[in-house]
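Starting off, we have a lone chain in the form predicted on its own, written out as structure tokens.
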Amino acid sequence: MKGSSRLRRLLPYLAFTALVLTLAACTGETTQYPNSTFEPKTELGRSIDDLWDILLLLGMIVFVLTELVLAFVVFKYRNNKEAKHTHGNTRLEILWTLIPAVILVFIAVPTVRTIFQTQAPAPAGALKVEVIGHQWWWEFKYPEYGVTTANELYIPVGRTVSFALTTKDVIHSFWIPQLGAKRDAISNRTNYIWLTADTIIAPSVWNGFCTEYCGASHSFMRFRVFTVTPEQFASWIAGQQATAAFNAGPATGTDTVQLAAGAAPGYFFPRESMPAYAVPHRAYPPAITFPAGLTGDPARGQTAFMMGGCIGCHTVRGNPMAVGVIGPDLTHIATRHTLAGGIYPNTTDYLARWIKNARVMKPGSLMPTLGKGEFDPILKRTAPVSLDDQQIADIVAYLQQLR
């Protein structure tokens, strides 16, 4: 009777726990959980998800059977005051060895099958993308098109994409939760992974992350994946292949021209269509100030860009002096939605502050502090290269012309 009374007291707690777990599992919408791995949008993600379901089912069966046997023994012998000691039981030992062996076979077969599926070479005709990890940003190259971009990856739906992953420094890990892609980028080795995005998800945006601790700004190493139609992808590629479309007109802020899908070269995902979960909302450090409303001149900005040392780190195709390879390619930076490894929006205010003092904006950044009178947290002194606010505004105006 004591056992039954104890069980009755526990029932309300068990019922409450079951209710909480049920409510927690009620919704799985992308807008609610944009980084969930339980809504795969590729065949790679579904193969991993199927394996998870099988292992979860088998694990639950083993757990329930084990707990039932345990509960039976506890209740059956709860009043037994004297335990009988035995030494050795061959049948029981054989049975207890065979049962786990059989369970492991049921686990091993689907696991090994999925490993071979996800490690198999990509199908012929796959789009090749080279993924290069840096501290702390991502570089994407499309070798068959001669296109290089940073922190924003465009892939066409319905076509297999094969990623070749490497790193320029420490170990990073490339992960797109909703697409099922996750693999490490390791020094002196190229890892591969491939996937085919479902045709029904175009056009969409997905978050990407580095999931291998890689230093001070590891958590700030983000990227965006844009799954677009084949026509939109072709237009985007054509636009990216062109040299920077710079004209010395008035600065346009971030209101860059959006072209219709399949129209003239130059498509990129419309800024106003970006879902809230893909738009960075991180505030810039209040210590970095910049005059509100200060406008720049793109022509002066181009000169300041070349004279201020920017060409030593960045490439701008169409500008023969800008051939640096240390930092991201800036040829079409005005078409990108984010800055600094995907953690800030690509707007005038953020871009100006990033140029002024990137190392306060993002700890450990290789981007030097350029603002006049700004303290460099790595050098522990005032910035040796000094651009005043007007020069920075001019550079921002120039960069915002690079479409």
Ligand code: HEC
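Position 1 is the first residue in the sequence shown; the rest follow in order. Given the structure is predicted, the values throughout are model-derived calculations rather than measurements.
Same protein, other form: the form predicted together with this ligand, not shown, and the subject of what follows.
For this ligand, considered in the model of the complex: do all three of G309, R336 and I355 come within 4.5 Å of it, counting heavy atoms only?
Heavy-atom distance to this ligand in the model of the complex: all three under 4.5 Å.
Sort through 63-71, 49-57, 36-44, 357-365 and report the only stretch with a non-hydrogen atom within 4.5 Å of this ligand in the model of the complex.
Careful reading of the contacts points to 357-365.
Can you pick out, from C313, I288, I201, A299, the residue that has a heavy atom within 4.5 Å of this ligand in the model of the complex?
Going through each option in turn, the one that passes is C313.
Of these, W206, F163, W236, W137, which has a heavy atom no more than 4.5 Å from this ligand in the model of the complex?
It is W137 that has a heavy atom within 4.5 Å of the partner.
Is there a non-hydrogen atom of L330 within 4.5 angstroms of a non-hydrogen atom of this ligand in the model of the complex?
L330 belongs to the contact set for this ligand.
Taking heavy atoms and a 4.5 Å cut-off, does T148 contact this ligand in the model of the complex?
T148 lies outside the contact set for this ligand.
With the cut-off set at 4.5 Å between non-hydrogen atoms, does I186 touch this ligand in the model of the complex?
No, no contact at 4.5 Å.
Is Y267 close enough to touch this ligand in the model of the complex, meaning at least one heavy atom pair within 4.5 Å?
Judged by the heavy-atom cut-off of 4.5 Å, Y267 is well away from this ligand in the model of the complex.
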